[in-house]
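Quick heads-up: it's one chain on its own, the form predicted on its own, in structure tokens.
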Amino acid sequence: MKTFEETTAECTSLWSAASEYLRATSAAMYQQWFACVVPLELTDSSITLGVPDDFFADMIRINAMSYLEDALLRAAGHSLTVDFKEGYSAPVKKETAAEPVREVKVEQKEPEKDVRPAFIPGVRFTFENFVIGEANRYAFSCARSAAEHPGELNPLYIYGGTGLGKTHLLYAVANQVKRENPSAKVCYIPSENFLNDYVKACMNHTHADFRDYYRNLDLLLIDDVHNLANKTQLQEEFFNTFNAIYSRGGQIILTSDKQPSEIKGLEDRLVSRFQQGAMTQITPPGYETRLAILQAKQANQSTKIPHELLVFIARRVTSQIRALEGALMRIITFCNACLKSPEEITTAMAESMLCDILDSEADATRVDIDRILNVVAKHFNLHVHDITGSKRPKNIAEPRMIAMYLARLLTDLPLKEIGQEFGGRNHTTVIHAVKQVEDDCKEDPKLQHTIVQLKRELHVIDD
């Protein structure tokens, strides 16, 4: 039987060989995920590796497990199962001892805490050049209030689809805070970068620096906070960071594509924290707002395209502000490169040039019964089977009639087919629902607003 010392030596030797394979595959990947791994125990069928914590183990499983298994197969000559044990980390010097010059570079680079995400002003993103419409008015007001009175709306949680202006508002808040208080500690960071910064802290044993930086901010702006989902250790760190900033009176602003309660894999305590302040949604802008955005964007360009083309873009590109601005810039670039004057461009030319964007928009705004059912159910906090089922309490019957009304208004399906989609109801039930909603809208402004909101969520409204 082998002695403990012999087994340990074999484990170390095997890991050294596997490390060489990993370095050869990707030096950057090795440095990021494996430089601090410690070989602990080896059997005929498995190897146990020491890592800083369970979060780090999860990151290896997600990002580099196939590379690790392949390297171990090459080194051992047969496959090995991998177990991770938390609480271990190889000293940085040990990995770089063979190359002293490289070690000096690592040591000099370590003041990375000094170049952690500081706020870099984005001069384009201010409150002054944010185009306000019904779809974003409340979010704009909340963001401005957070900038003028930090800590009062805390946290501010802004959610909505991609490309609707959430990041613009984050930068606008940061710009104003820095303008009024240049010494304020401000950090804008996407959640993926927050994750990467935490991983570096785990690898380099700089947890204290990481925590000192983030927990002493005056303003923390986290973009796409839904990416924290299913990352237990990172959520623990962020929870403590959140509490530290909040207790000091610092302002926290978060953006996501979902409400906190809809983010699967987000701990209840974080959901509770995110909901305790102000929460606001940004929805796709209506026609007049889209046109105003294009006019504002064009005002900063030396080339001015005809107004009818702005109208064409505003009517056809409806789901994202980024796509809207991208379409305008594509046409302006074409005019500058290929035409003597922007007046020469026609709607037919613009349509041909933007065909890929217009096709994507058509797909994004296509309305069918399933989509209507899902949007209405979500809006009223119901399940789709509630709407299509046989139950008739008021909190279900009214949303069901609204869904039937929208199906009749926004699809080309005959009444009989609409009824079938709603649990096999007949066409007279659909007719009754449509007439009831139409009549109630004339008397009930709140219902009118609900219909407008649902249309906006379905991306089919023009202001």
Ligand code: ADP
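Being a predicted model, the structure only gives us computed values, none of them experimental. Numbering starts at 1 and follows the sequence shown.
Although not depicted, the form predicted together with adenosine-5'-diphosphate is the subject of the following passage.
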Assert contact residue (adenosine-5'-diphosphate, in the predicted complex, non-hydrogen atom within 4.5 Å, options 149, 124, 269, 85) equals 124
Can you work out which of 325, 386, 218, 236 has a heavy atom no more than 4.5 Å from adenosine-5'-diphosphate in the predicted complex? 325
Check residue 154 for me: does it contact adenosine-5'-diphosphate in the predicted complex (non-hydrogen atoms, 4.5 angstroms)? no
May I ask you to check whether residue 225 falls inside a 4.5 Å heavy atom distance of adenosine-5'-diphosphate in the predicted complex? no
Residue 162 near adenosine-5'-diphosphate in the predicted complex, any heavy atom under 4.5 Å? yes
Can you tell me if residue 167 lies within 4.5 angstroms of adenosine-5'-diphosphate in the predicted complex, counting non-hydrogen atoms only? yes
Looking at heavy atoms inside 4.5 Å, which stretch does adenosine-5'-diphosphate contact in the predicted complex, given the options 338-346, 308-316, 131-139, 258-266? 131-139
Which residues within 278-309 place at least one heavy atom within 4.5 Å of adenosine-5'-diphosphate in the predicted complex? 293, 297
Just say closer or farther for the C-alpha distance from residue 62 to residue 225 in the predicted complex, relative to the shown form; it changes by 3 Å or more. closer
Against the displayed form, residue 234 vs residue 69 by Cα, in the predicted complex, with 3 angstroms or more change: pair is farther
